[in-house]
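A lone chain, given as structure tokens: the form predicted on its own.
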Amino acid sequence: MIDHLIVLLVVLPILGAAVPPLASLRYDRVGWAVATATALGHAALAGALAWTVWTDGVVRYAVGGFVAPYGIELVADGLTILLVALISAVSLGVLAYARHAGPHENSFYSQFLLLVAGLSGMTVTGDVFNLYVFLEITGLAAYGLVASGPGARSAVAALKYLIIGTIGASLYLLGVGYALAATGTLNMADLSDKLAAAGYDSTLVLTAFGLIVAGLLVKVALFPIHTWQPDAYADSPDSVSAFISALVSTVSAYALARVLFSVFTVDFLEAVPIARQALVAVACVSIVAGSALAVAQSDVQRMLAYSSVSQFGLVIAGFAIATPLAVVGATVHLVGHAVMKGGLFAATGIIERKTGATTVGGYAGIAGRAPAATGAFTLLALAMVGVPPAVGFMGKWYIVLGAVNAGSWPVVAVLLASTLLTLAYFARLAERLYFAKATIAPEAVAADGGERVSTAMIVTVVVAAVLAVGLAAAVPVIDQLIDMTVFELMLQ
């Protein structure tokens, strides 16, 4: 079984996803139990794989015994196990939240497990075409989860997500086709060597880079190709918002980093400086535009969605700068953002259930009605701003140091401006929560909030808030994990 750990990470949730529809023939609500058991198994496999990589180094697995570059290869290194552990942890947290919050249908949990499978596959694949396959599995599952909300708005948001997501996946696939035409291979390690041999100034290579990166940026949701994200986050069920905001764009950003460093390499960025400059420019625009759009929002969940547009701009900027410090900062911020943003969306769901508040104005004076949720929300917001010693500060700090070392002063200026804008919209919320007069009377809440919020939901957001601070202590470990990856070779 040890030899097959990496493939079981993908196979197990796929098999688990098949159980709830079959169980529906007799049982209405076994989906949560099946999903939880599968997620626990996935976490155990992730832990075993992490230990194997930590002790023995990079793990490579040839699917069906067909050796790369002709067969399909799965790869696990230091960065891979970090993302796999994140997927497992977030999945278990969201399941704890969803036990009471719902949705409760078996079909929901089947799609949930398919999304876990797709995200896991994107993380461990060593083949650019199979990255596309898992990208599509992830997308299709995410579209279904967004549409699982009760209203028409969820269906419209899912349709918009489907259309834009399909465009992104198509661009990526076209890029893969150009890379195949230039090199005759799809294996990432083999592509890296053959792209260099083909010449980085080759039209085929440049076109492949542009299309692949554009397709993945759609999935990451950078400005101005972010328009699917606010509706998908704000109009889906609370459990779905927490799940996809934490993982979908996060794993897409990881995939972009993997393509940048494992396939095209830093040598490509140095040989074609316009590629690096364009990526940094898009990231900087997204940082500022996302923050500015977040400030302008009155709906809290849409504000958080636009905040993600800005935060992922920071991550992509760090990867594009491609110095060791900047890559460490981008990775730390990538992991930290998943915890912080997932926790923030989960907290907004609790606040809405307890108080009926969904807007910035509605948050006025409600801290006393949902003290644990509003306290966790405030702590997560401060971490997102970058108040030390939270993980948000550590990620931004390393990105700034990397930008300074690389002489990328526009990135430094943009990051500081974005931090001020982030402080502006989160400080406005904190002021409303604790110091403004309430605008929603307790009797105006349609249902008894105490009956609608479970202990597990509260614990989930509190744990996220604690991790937002505690993960800062894990930065040296993350640094060491990155040193165990291909980045050690690419960043010398």
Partner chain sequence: MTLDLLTTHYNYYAVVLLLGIGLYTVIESRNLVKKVIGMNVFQTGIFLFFITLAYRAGGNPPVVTEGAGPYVSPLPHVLILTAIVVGVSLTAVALALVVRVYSEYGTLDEHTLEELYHD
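Numbering follows the first chain given and starts at 1. Note that the coordinates shown come from a computational prediction; the quantities given were computed from them, not determined experimentally.
Same protein, other form: the form predicted together with its partner chain, not shown, and the subject of what follows.
In the predicted complex, no heavy atom of residue 200 sits within 4.5 Å of its partner chain. Of the heavy atoms in residue 320, none are within 4.5 Å of its partner chain in the predicted complex. In the predicted complex, its partner chain sits within 4.5 Å of a heavy atom belonging to residue 162. Its partner chain is not shown here, but in the predicted complex it comes within 4.5 Å of a heavy atom of residue 178. Of the candidates 262, 358, 378, 154, 154 is the one whose heavy atoms come within 4.5 Å of its partner chain in the predicted complex; the others do not.
Proximity to its partner chain in the predicted complex, taken as a non-hydrogen atom within 4.5 angstroms, holds for one residue of 225, 96, 171, 382, which is 171.
Here the chain stands alone, but in the predicted complex its contact with its partner chain, taken as any heavy atom within 4.5 Å, falls in 146-154 among 413-421, 146-154, 112-120, 282-290. Within 4.5 angstroms of its partner chain in the predicted complex, the stretch 127-146 places a non-hydrogen atom from each of 129, 132, 133, 136, 140, 143, taken in sequence order.
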